[in-house]
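Next up: a single chain in structure tokens, the form predicted alone.
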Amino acid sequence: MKIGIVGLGYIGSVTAVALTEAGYEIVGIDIDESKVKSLSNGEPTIFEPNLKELLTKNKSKLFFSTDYDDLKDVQYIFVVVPTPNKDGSIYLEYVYDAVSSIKKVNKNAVIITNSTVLPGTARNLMERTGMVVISNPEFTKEGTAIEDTLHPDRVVIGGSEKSAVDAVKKLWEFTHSIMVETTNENAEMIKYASNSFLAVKISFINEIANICEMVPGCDVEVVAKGMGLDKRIAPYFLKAGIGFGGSCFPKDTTAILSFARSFGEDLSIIKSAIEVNNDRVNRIMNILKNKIHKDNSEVTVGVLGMTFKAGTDDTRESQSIKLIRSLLDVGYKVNVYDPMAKIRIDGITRLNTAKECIDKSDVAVIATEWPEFKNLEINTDKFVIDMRRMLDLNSHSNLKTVGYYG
């Protein structure tokens, strides 16, 4: 069975190799010639654990092209193109353009929307094109995206055409996961509701962390552990820190707010979660202002980590990047180390190791939870702001700092 995938970005490329691992042949389409050439040569354009290995292993079942004509004999086609924010609202033209291009070469294909789209998008696509559209949102996490695709918690399939729904269910049968069969609109809303709720959990525990910082004897990690043992709450996404970033949560929470306003609704909880998240960088800046009594231009801040999380090279909406830009804006000198990030920022000094970054800085900020940061040896007079609670002061007997703020 051949499967088409339009859009070979993060999710598209992961979905492609995961489905080949399950036995399918893939025809992948993207308008970016360099991306298609790279993937055809077995080189992914993003870092994701095991992606390169599976790309090489299953190369005989993968075909990449910039030509939509290569989809003319493919019955089921995933649309996995970007849905960015534009002026605070979701921008869906890439989705509409992709489906329009598919229709020109294969009007009988079943469209499977894997991109994150607002409720009503599938219905709109069907009205525009007359094609069958199935809503099949993904729930992957960067760093474990392939495993999440092969073994998801659930597979959500929305659609009104029973034969098409059944075909997509059969397509994902190999996962042995719970199948949720519903309407297009419910499937689209499940994705937004899920991401928004996870964002709320992160901001909630960060607010609790703010209180714990003020109360002697309070430790937010102990509080989170005690909360997470309640099965109604669960421990996932109750990790206090620098806040959420990446390609999903910031974009999706903003989009659902805008969508709700079009109906005259104000999603105050999600709105507050965004505000709390935006304030995390401000808190770090205030810590520096209150603890370091020198002119900003005389202080060098070493930032450890640029990606929005460990296990990826993705810096989209990274809280660390926002912190770096804020530091530069108020005159600090900034040293940076990250093992994977490729982004270039004017005004910073990129260093080759975490140790070098710390040694050449007055203040160290741990902004991304790369495992190598757990074993840092900081034996000079540094002020450390540990925004990921990576360092265990009890086991780091050689951790000698002017101050530690975790």
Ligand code: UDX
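All values reported here derive from a predicted model rather than from experimental measurement. We number the residues from 1 along the sequence you see.
Not on display, but discussed next: the form predicted together with uridine-5'-diphosphate-xylopyranose (UDX).
- Contact here is defined as any heavy atom lying within 4.5 Å of uridine-5'-diphosphate-xylopyranose (UDX) in the model of the complex, and by that definition each of F237, C248 and R388 is a contact residue.
- The stretch that touches uridine-5'-diphosphate-xylopyranose (UDX) in the model of the complex, counting heavy atoms within 4.5 Å, is 137-145, out of 102-110, 160-168, 256-264, 137-145.
- Shown alone here, K333 lies farther than 4.5 Å from uridine-5'-diphosphate-xylopyranose (UDX) in the model of the complex, counting heavy atoms only.
- Taking the partner from elsewhere, L71 is found to have every heavy atom lying beyond 4.5 Å of uridine-5'-diphosphate-xylopyranose (UDX) in the model of the complex.
- Contact annotation for T315: none of its heavy atoms lies within 4.5 Å of uridine-5'-diphosphate-xylopyranose (UDX) in the model of the complex.
- Contact check for K322: every heavy atom lies farther than 4.5 Å from uridine-5'-diphosphate-xylopyranose (UDX) in the model of the complex.
- Taking I202, V281, I292, A209 one by one, only a single residue has any non-hydrogen atom within 4.5 Å of uridine-5'-diphosphate-xylopyranose (UDX) in the model of the complex, and it is I202.
- L198 is the sole member of I90, I270, M131, L198 with a non-hydrogen atom within 4.5 Å of uridine-5'-diphosphate-xylopyranose (UDX) in the model of the complex.
- Contacts to uridine-5'-diphosphate-xylopyranose (UDX) in the model of the complex (heavy atom within 4.5 Å) from stretch 284-323: F308, K309.
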